[in-house]
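So this first bit is one chain, no partners, the form predicted on its own, shown in structure tokens.
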């Protein structure tokens, strides 16, 4: 099993030779360094959120209301962070959450491939967005033996939706994650102030421009007129009429595990279970789409309603300690978003791998030094409310 805490020992020993870490080790450091490097409009798109961004901030501070109860002499010198998920044994409980503009966040504007390479090297699964700078097939190939999941923004064209799902299936993705809270854009003042949106400028549309169904609807190929393709995408992207009645159709598109992303209410969990989904993804989109309660506060009720169905979680995770707390509240696996995105900005694949190593080392040490050797040890009793 991986001993993730060895990462920090490597940094200390490198220091004996005069080497210091190539990237910041804290989220605040990553954020500041990424802001200094990124073009201002893209920075605001990536770092910003909905409305006054209160939900985005509350996602983060929700973790501060929980402390971890230390237990001593528990034999936690050796830890096992592995989990089972949809038939896969994963070395750790974290995954790369989808970032819809990841493709243009690296210097070479192939950020999705950079993340896939980091996933392949680390064993950390990637949930690849519909909005990619490279076709999903290329990204799947770069994942190697590490499972990848395809996140679907369900378009208002069923034929196109079916094509995207079938391509993901053929490419070897391990599951389909349907995002439910983005049938239209949230109210994002930072983006509106710039009057700009990356996809309307043709960025991260490779899964559309490479799709035969989408291409058939264009007057000219996207290679000749990307602006026209972007307009067609804008009229196709979301499906505001999608309801529970459509879930049977989505379920019928594939035999792959089907997860619904954005489920935060226990009644919605139960309806999803009744419809035959394989997993729940509790998330409020990192506070980017709408004002809501902090996602972490909603997680326990979602887990209870899931009654053993896998529950993935993201929104507000900034540290390895946050990962441990989300697991203790019942998450099966925990998604990382902005932290690895900023790693991509700073160093591409190497930057993402560094961020993952930091998070895993901190999670590993947080568990061990508090006396918990296995993921199964992280129950609700591990946490104490902090006032």
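Positions refer to the first chain, counted from 1. Keep in mind that this is a model prediction, so the values were computed, not measured.
Keep in mind the form predicted together with a small molecule is missing from the figure; the text below concerns it.
Query raised in the report: Though the small molecule is not shown, can you say which of 203, 232, 292, 179 has a heavy atom within 4.5 Å of it in the model of the complex?
Result: Looking at 203, 232, 292, 179 one by one, just 179 meets the 4.5 Å heavy-atom criterion.
Report task. Only one of 259, 139, 99, 119 comes within 4.5 Å of the small molecule in the model of the complex by heavy atoms, so just point that one out. Result -> It is 99.
Query raised in the report: Is the small molecule close enough to 153, 286 and 317 in the model of the complex that each of the three has a heavy atom within 4.5 Å of it?
Result: Yes, all three are in contact.
Query raised in the report: With the partner left out of view, is residue 129 within 4.5 angstroms of the small molecule in the model of the complex by any non-hydrogen atom?
Result: Because a heavy atom of residue 129 falls inside 4.5 Å of the small molecule in the model of the complex, the answer is yes.
Query raised in the report: Is residue 334 close enough to touch the small molecule in the model of the complex, meaning at least one heavy atom pair within 4.5 Å?
Result: Outside the cut-off, so no.
Query raised in the report: Does residue 46 make contact with the small molecule in the model of the complex, using a 4.5 Å heavy atom cut-off?
Result: It does: once the small molecule is placed as it appears in the model of the complex, residue 46 has a heavy atom within 4.5 Å of it.
Query raised in the report: 162 to 170, 77 to 85, 100 to 108, 218 to 226: which one contacts the small molecule in the model of the complex at 4.5 Å, heavy atom to heavy atom?
Result: Every other range fails; the passing one is 100 to 108.
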